[in-house]
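Okay, so here's just one chain, in structure tokens, the form predicted on its own.
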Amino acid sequence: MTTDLHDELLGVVRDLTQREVAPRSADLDAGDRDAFAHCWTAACAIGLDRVLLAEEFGGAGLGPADLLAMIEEMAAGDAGLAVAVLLHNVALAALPAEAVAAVADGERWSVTLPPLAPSLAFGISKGSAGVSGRIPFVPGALGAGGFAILDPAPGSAALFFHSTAPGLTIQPYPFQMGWRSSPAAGLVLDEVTATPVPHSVGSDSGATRLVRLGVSAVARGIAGRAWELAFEYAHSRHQGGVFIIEHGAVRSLLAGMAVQLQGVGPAAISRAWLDGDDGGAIAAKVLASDAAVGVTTDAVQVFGGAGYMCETGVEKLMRDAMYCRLYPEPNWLVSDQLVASFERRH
């Protein structure tokens, strides 16, 4: 893709985010399904639901790097919606052609990634699988039309099934504090009939790598928006006879936020995908999510006591940033995987 076309597409997503998503951010965070449906329909109208698919399937035929850049733009408006777009695209990319063709316009799917959860019991025979097990946390599971399960075992197949499949119980996650517009749920599977297909998103680890990098992009979008809000507030809030941007403590906070924003840029995220670098994807996700938590926490401090009020929007960004640390696995649980990925290089 040419640079001009890439920039044009990002401009379209940025316009959608500013015009349709950002004004509904509070409603999305409150779980307003009408607001989500409106934003999802608007996203589908510009092709954000089929970024990775070929044109013959109604897709844009773009690559993962383009999707990641779009996800970052959308996350500045609402992280939960951006996550829903990410997981839907990964799920569709894992489905066979006939299954993609059967997905209705506007229907949303999600993908399950259980790399650190107990192995699911797969029983595969004659092209169908009786699947039993439990996946405790699937973002966007409520309201999804179907699911793709991507087992991390080498040589394994992806499995897909509809949300109405017999034997599937979707248990709402009651204590979700971030990404609220993509309400999570646990999936309990009792001999669910699911169709196995080979992975089609790169290698066996490609889908997990793409989700990790997608969460990195979401974190960058959150952090960028927090910086903008804090910077604007510092130039509009008077204290001690001057705008608070003139106070050394506030300038130090803003400077620290700017440094953290540069911790992992879009180029590093794209390179980790293009190089097939699982270790790089893990590192990018840890760096970006930690930076997002740091930036949003400092943004709350710039706002002072008002930062803890939902009206400012920065406390929502801080909650959303924390969830980037937790998915698809907690940052503090990936150390072994990260070290192992670098060990394989030597």
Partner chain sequence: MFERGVSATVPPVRSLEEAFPRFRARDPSTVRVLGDVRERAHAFAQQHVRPLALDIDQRAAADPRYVDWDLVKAGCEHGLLSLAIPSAAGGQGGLVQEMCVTLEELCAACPGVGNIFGAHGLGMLPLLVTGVTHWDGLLHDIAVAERQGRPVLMACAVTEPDAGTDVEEVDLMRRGKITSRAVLVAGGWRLNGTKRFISNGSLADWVTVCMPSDPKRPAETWTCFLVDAHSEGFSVGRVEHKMGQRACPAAELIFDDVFVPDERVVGRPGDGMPSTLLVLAASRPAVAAIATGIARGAYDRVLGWLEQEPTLIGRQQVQLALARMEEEIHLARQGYLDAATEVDATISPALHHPLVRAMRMVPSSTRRRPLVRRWITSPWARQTTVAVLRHTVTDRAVTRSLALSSLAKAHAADVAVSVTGLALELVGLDAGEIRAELEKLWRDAKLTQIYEGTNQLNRLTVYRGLSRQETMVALPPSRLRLVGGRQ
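Numbering follows the first chain given and starts at 1. Given the structure is predicted, the values throughout are model-derived calculations rather than measurements.
This protein has a second form, the form predicted in complex with the partner chain, left out of what is shown; the following refers to that one.
Proximity to the partner chain in the model of the complex, defined as a heavy atom within 4.5 Å, holds among 253, 261, 142, 168 only for 253.
Contact check for 237, 297 and 310: all three have a heavy atom within 4.5 Å of the partner chain in the model of the complex. Contact between residue 173 and the partner chain in the model of the complex is found at the 4.5 Å heavy atom cutoff. For residue 315, a non-hydrogen atom is located within 4.5 Å of the partner chain in the model of the complex, even though that partner is not displayed. Not displayed here, the partner chain is approached by residue 304 to within 4.5 Å at the level of heavy atoms in the model of the complex. The partner chain in the model of the complex comes within 4.5 Å of no heavy atom belonging to residue 274. Judged by heavy atoms within 4.5 Å of the partner chain in the model of the complex, the contact stretch among the candidates 173 to 181, 87 to 95, 104 to 112, 218 to 226 is 173 to 181.
Along 312 to 340, a non-hydrogen atom within 4.5 Å of the partner chain in the model of the complex is carried by 315, 318, 319, 322, 323, 325, 326, 327, 330, 331, 332, 333, 335, 336, in order along the sequence.
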